[in-house]
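In the form predicted on its own, a lone chain appears below as structure tokens.
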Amino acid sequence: MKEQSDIKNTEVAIVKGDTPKETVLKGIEILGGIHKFIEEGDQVFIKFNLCLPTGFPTNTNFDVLESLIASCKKAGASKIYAGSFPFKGISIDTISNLLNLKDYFSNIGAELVFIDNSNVFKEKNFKKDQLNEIKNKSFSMVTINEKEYLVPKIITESDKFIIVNQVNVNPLFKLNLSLLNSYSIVSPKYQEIGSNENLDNDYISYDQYKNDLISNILDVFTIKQPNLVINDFFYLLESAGPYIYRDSNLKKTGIAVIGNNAVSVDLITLKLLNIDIQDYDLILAANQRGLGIIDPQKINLLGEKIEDNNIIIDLCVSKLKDINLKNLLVNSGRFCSGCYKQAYHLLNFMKTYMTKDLKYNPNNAFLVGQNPLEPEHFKNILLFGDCAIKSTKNSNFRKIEKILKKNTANQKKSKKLKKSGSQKKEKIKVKTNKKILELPGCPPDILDCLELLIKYYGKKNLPNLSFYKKILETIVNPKEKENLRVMGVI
């Protein structure tokens, strides 16, 4: 099951074209044609980006998928499957229904795979034991480095595996490259990193969250290494991504990088986008494991030259305060990559969809990480993550000091005391500040945070978020989520 790609014969093509479709087809031809990768009678699985029901560029360009599927058919593939696990809590069936994906793939000669089995949930009411039976038929439990991963059998049993990756900026890894794409062959449940229950300093200092994440990504990558890898950044999201946010910008580069080794394809992509590989931990760790070559001199480069293409893009902000939300102050302490990533997405969501909500609710402070700077004179304080919640238990903003009002009789007595030269101390009552919203988790779940925001501020005070919540309820169905839990997906 653990296939090792032939890294000694690594070939990577840098391709330019007038359209994404033309560019990818040109790249495959430069590498020797589709017959070099697909043989007569092969069962092919195409792994693409399928995050949210929003289409391109959050997901893979469907023109590229269509051209690739046509090429595989031409090469004689007996069966062509396509699929991916989406964002946590969203079923493939929901996305398929909203984007009409099942019929779309059928019309172009492929089959959309519901690797979460969500297409069977609505056929009838399944009992728990029936769902478990479906789960056992659909998945294999694979152990890598003493960790278990639930993997769809249709992927591991396919003759050829292709990754078609839409490159966008990423807050944690600078770019969404093919190694990250491969991670979603396992469900969101098996992508999650265990929480830091002790909240110790070493966990944050050594960024154990990111180290564990990198280790898991590479574990999953070794389960089924791709025969063909496509990094499509003919168009890419810069500034804010990988989802479409208010600060996102769609940039045209006109380039795709294609090859037979994911690590080397990612390396050349980084080179073209002027990102130092020393700043890309994931590719360095992959090289240490012997999963690919990161020396361009040892890669057989075809097509365009790296030095002839100097592409500068705006990456995601590295400081959360730079997201700049109206009426919301962001104070950060020391945090792990997990909390940074989740806070980045929540703040960008708020900036994109809650601008008016924040306008009507001024004086908000958003605190994240260990021992963030205490805010002063803010009406609402949002504590994001367990580190922020626990490290501020004794902070001054947790309490409100109130001077007790004196009645008329007391005021007269006070005047007499002043005349006589003696003074009576004012009484101060200390109350617990109830204008604090705790968003727990290590790191917190974004959907849970949105629920808590509505409960705290009230639906009337968050009209925009309340509206989007209704939309989210059609996408994230509670009954469907329970079925996904039984299936081991979330």
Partner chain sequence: MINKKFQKNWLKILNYNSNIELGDKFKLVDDKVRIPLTPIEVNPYLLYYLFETLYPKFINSQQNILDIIISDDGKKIIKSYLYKTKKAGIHESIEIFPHDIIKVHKKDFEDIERFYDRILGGLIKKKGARVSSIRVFKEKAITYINQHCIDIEDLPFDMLLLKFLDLIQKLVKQDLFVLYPEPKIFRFLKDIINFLNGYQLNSLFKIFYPLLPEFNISIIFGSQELIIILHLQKIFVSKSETPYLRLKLMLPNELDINLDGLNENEIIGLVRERLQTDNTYFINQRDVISLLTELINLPVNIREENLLLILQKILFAYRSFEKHWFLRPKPIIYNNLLRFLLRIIGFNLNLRKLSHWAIPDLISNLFESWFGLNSKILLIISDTEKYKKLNLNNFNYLEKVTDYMLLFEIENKTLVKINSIAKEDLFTNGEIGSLESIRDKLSEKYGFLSSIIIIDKLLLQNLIKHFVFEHSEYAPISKIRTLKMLKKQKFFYIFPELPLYKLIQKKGTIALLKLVLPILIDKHEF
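These numbers come from a predicted model, not from an experiment. Numbering follows the first chain given and starts at 1.
FYI, the form predicted in complex with the partner chain isn't displayed, but the following is about it.
In the predicted bound form, no residue of the candidate spot (Phe87, Tyr206 and Cys449) has a heavy atom lying within 4.5 Å of the partner chain. Checked against the partner chain in the predicted bound form, the residues Lys319, Lys399, Lys74, Lys359 give one hit for a heavy atom within 4.5 Å, which is Lys359. This chain is drawn without the partner chain; in the predicted bound form, the residue among Ile154, Leu172, Ile389, Leu250 with a heavy atom within 4.5 Å of it is Leu250. The stretch among 214 to 222, 236 to 244, 180 to 188, 126 to 134 whose residues place heavy atoms within 4.5 Å of the partner chain in the predicted bound form is 236 to 244.
The partner chain is not shown here, but in the predicted bound form it comes within 4.5 Å of a heavy atom of Pro53. When the partner chain is considered in the predicted bound form, Lys470 lines it closely, a heavy atom lying within 4.5 Å. Among heavy atoms of Ser78, none comes within 4.5 Å of the partner chain in the predicted bound form. Among residues of the shown chain, Thr352 is one whose heavy atoms approach the partner chain to within 4.5 Å in the predicted bound form.
The partner is not shown here, and in the predicted bound form the stretch 427 to 447 never reaches within 4.5 angstroms of the partner chain through any heavy atom.
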